[in-house]
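Shown here is one chain on its own, the form predicted alone, set out as structure tokens.
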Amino acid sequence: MNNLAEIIAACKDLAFDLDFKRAKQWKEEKANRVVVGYLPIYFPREVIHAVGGLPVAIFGGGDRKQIIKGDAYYQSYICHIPRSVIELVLDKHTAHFDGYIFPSICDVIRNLSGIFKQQNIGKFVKYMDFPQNFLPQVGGVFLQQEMQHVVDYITEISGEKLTTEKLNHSISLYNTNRRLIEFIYDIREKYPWRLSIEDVYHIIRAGTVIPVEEHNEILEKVCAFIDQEIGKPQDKIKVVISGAFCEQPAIGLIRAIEEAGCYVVDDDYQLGSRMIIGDIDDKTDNPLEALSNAYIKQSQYSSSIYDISNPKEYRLAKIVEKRKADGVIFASASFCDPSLLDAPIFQNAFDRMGIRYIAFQYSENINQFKVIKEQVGAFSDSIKLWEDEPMTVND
């Protein structure tokens, strides 16, 4: 991979490899290695890495796999991702995975973990609750216990024990990963034409299915390329995407938004890779506590996080301000309860603040973007024409 185009092409292949071949290859390179799949959005991957495991994100088959068996497990009035994930697993795409972790996103993902247990899929299945109490001595201790459960599952398979040194090393690697990703977004804030959001998506998603050491090398090369003046500016507005944190939109939809006249300068597409803001302490005697404190004190906002003392609408508004965005696009997966229930809260707040926005829904397997593209295009044009007048648009 000697140039940016080659890097992006390689990342695209990795990101949408439904057979997870790099994870399989990694596992076969050394005895007792463990591959652990985790569902969106966020899981502290450091604890898997520290005990000889490879954390691999499972986002479903998107628009690349037809759903047949999955429809027998779920109703038509829920989101698409659980049916897609079941389809992948039943067709043996994840046969080399040892275990599965289901973060507490919503009731649908909770029920999906139950189906995995019922079908005896994997050597272990862990539904992982995240704290709703954000006091370190309460929710923080609870989260440490949940992480220790995962460590115990993996150690039982690999025989590798968790040590302070190993976990601090893993935290350091992921700190580097987050810093490099943030550098890419900082560059896009100022020079969004240097790298499209589609390419950013491929680069970041590739990091969820390969070892963090390899992804850091890729990110360092990308950062070196985009730190130079490349590309040509276009007449586009800057927007923040919110609501696409779990079920991922089709790549054609991600592309269509920028083609319709928008530079996406921040988003929650791959929120798990950016959930923690800033570095986590990697020189501590209690790294599990450092990880739990980071989640409690340094988390991004998300509809999947219950934090009543820190209203998420104001946190999103700060992102809009930081990125100097012209507006917000609320993109929610169809039937995504966390996102759709939060949408009125965000929109009412933005009406008061004078932040422009539009809203639409999508499904991961959607392949027709004409209506959405026209809506986004009209939003972009209206801001260019009447940029001095606060305005909101909603479907």
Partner chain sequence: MSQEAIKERSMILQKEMVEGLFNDLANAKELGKKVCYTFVPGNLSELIRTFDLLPVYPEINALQSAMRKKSAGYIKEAEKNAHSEDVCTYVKCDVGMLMKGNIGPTGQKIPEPDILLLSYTGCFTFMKWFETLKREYPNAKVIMIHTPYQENAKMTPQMIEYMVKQFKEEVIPQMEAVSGIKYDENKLKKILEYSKEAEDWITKIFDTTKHRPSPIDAYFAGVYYIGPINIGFRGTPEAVEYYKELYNEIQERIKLGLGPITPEGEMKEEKYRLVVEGPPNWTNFREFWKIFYDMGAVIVASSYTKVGGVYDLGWRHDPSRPLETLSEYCMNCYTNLNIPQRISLLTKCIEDYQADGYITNSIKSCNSFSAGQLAMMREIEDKLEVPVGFIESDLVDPRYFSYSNIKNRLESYFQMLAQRKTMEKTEA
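Numbering follows the first chain given and starts at 1. Remember, it's a predicted structure, so these values are computed and weren't measured experimentally.
FYI, the form predicted in complex with the partner chain isn't displayed, but the following is about it.
- The partner is absent here; in the model of the complex, the one residue of Gly159, Gly278, Pro211, Pro311 having a heavy atom within 4.5 Å of the partner chain is Pro311.
- In summary, among the residues Thr94, Ser303, Ser292, Ser242, the only one with a non-hydrogen atom within 4.5 Å of the partner chain in the model of the complex is Ser303.
- In the model of the complex, at least one heavy atom of Lys126 sits within 4.5 Å of the partner chain.
- Using a 4.5 Å cutoff between non-hydrogen atoms, Asp342 counts as a contact of the partner chain in the model of the complex.
- Contact check for Leu88: no non-hydrogen atom falls within 4.5 Å of the partner chain in the model of the complex.
- By the criterion of a heavy atom within 4.5 Å, Gln145 is counted among the residues contacting the partner chain in the model of the complex.
- Proximity to the partner chain in the model of the complex, taken as heavy atoms within 4.5 Å, picks out 347-355 from the listed stretches 364-372, 47-55, 347-355, 26-34.
- Highlighted residues Asp107, Val141 and Asp337: every one comes within 4.5 Å of the partner chain in the model of the complex, counting any heavy atom.
- For the stretch 76-90, the set of residues having any non-hydrogen atom within 4.5 angstroms of the partner chain in the model of the complex comprises Tyr77, Ile78, in sequence order.
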